[in-house]
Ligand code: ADP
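Have a look below at one chain only, the form predicted alone, in structure tokens format.
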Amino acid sequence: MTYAHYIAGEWVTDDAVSININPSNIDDIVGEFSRGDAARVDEAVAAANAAQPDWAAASPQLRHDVLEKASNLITSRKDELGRLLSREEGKTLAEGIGETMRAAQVFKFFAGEAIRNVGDAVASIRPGIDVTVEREAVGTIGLITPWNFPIAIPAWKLAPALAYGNAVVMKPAELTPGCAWELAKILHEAGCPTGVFNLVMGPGSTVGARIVEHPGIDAISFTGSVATGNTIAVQCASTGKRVQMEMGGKNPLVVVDDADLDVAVATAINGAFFSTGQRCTASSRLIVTAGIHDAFLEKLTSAAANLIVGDALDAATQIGPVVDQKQLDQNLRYLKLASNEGCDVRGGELANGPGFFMKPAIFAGATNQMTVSREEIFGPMASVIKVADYDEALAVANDTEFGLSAGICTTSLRYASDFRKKAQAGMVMVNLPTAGVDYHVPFGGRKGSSYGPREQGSYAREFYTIVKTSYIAP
């Protein structure tokens, strides 16, 4: 079976296909997915542009009902969809089902937001004139989503876009198109009108590029690499498109002398290694003050070595495979680089099995100036950086071109409060992993991590709507 694009309410196939492989077992083919081109994008944009005015003008109750039904359908299929996610991306089955339920929660939340798109009525400074401020749909939105959260990130872009009356052309990551295809099927079943949602699969170099440059696209929401995001931002600026970028992270977790050691280690293990470290919010720099450093490193090393690496569908597995051979090769290059830079590399061995398995790696003795502490690796690896005290830890935490998430482990209210104020990040965690967020509050960072309005929660309204001010005289 070839999985088709979804354009103008119809399933459309191409002769060219991309093979979706299970990273836990490379002999397991998840499916063959149609590989689109610029012409397919043009068809999808035309369909979206034709459908968008009626969708924006429709009752908010209709948009609510479509999104709520989609949420219910996702929930009813959570085990099936979670298993698919784990097969195509490599997250453990528990994580796959959890991410699927997050997608359902996001759709449910934005079903409510569809009927809460409030504005303002204010008095004019001129007598006899009324002023209203309303939010309207932007138009047709291009969504370009990554491989590491193949159902949650499409959901948290797609649900607000639809809730506020926009039409959508979405391109999922070529590595993990299966979950996005299922979302298309679910929206079709939920009664999403013809042309309002369109799915075009294929490579970023053709499908993604055409979405970005297409004059019929009014805004772009992108999650992916810094290099690609910067290119897209420049292109959008040159054509006046709205743009929202979520890119990389090199997130610090500070561990202060007074931290509860068990809490600190568990927090670091979760943030650095769960989801195989393939999260932009992963704790990739563990910045530890001198008094607790040795005990923390010893316990962290033992805990990491005992993590069970294996098939994502095995209930005993704690760390699934790396997503593909290309990513595994990149991880191995960083392992070698860490050793060459003078780190004591602990772990990182290739694990046995028919997939892309590697054990978590700790770069002990790292400094914040090493390449492995500056560049986003996107794998189960973390630098452990020893510092003298809290003040140096804060300075090192902020010494990065990124600013997505930052965490601290401490029992001191003074340190926790100071870190919350001074950490140069969009999200701050206290005694919690840097990875792991709620869906009803804003998500995003500073510096090179993010550009444009925040995602998720009611703050998503800032990107997916445009403000209109009206002056009315009797």
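If you're wondering where the values come from, they're calculated on a predicted model, not measured in any experiment. All residue numbers are counted from 1 along the displayed sequence.
FYI, the form predicted together with ligand ADP isn't displayed, but the following is about it.
Residues of just one listed stretch (398-406, 276-284, 200-208, 122-130) have heavy atoms within 4.5 Å of ligand ADP in the predicted complex: 200-208. The shortest heavy atom separation between Gly379 and ligand ADP in the predicted complex exceeds 4.5 Å. For Lys157, no non-hydrogen atom is located within 4.5 Å of ligand ADP in the predicted complex, even though that partner is not displayed. Ligand ADP in the predicted complex is approached by Pro172, whose closest heavy atom lies within 4.5 angstroms of it. Among residues of the shown chain, Thr145 is one whose heavy atoms approach ligand ADP to within 4.5 Å in the predicted complex. Interface residue among Ser71, Thr223, Asn166, Thr267 relative to ligand ADP in the predicted complex, by the heavy atom within 4.5 Å criterion: Thr223. Think of it this way: in the predicted complex, ligand ADP has a heavy atom of just one of Thr228, Thr367, Thr301, Gln105 within 4.5 Å, and the residue is Thr228. Applying a 4.5 Å heavy atom cutoff to ligand ADP in the predicted complex picks out Ile232 as the lone residue from 232-259.
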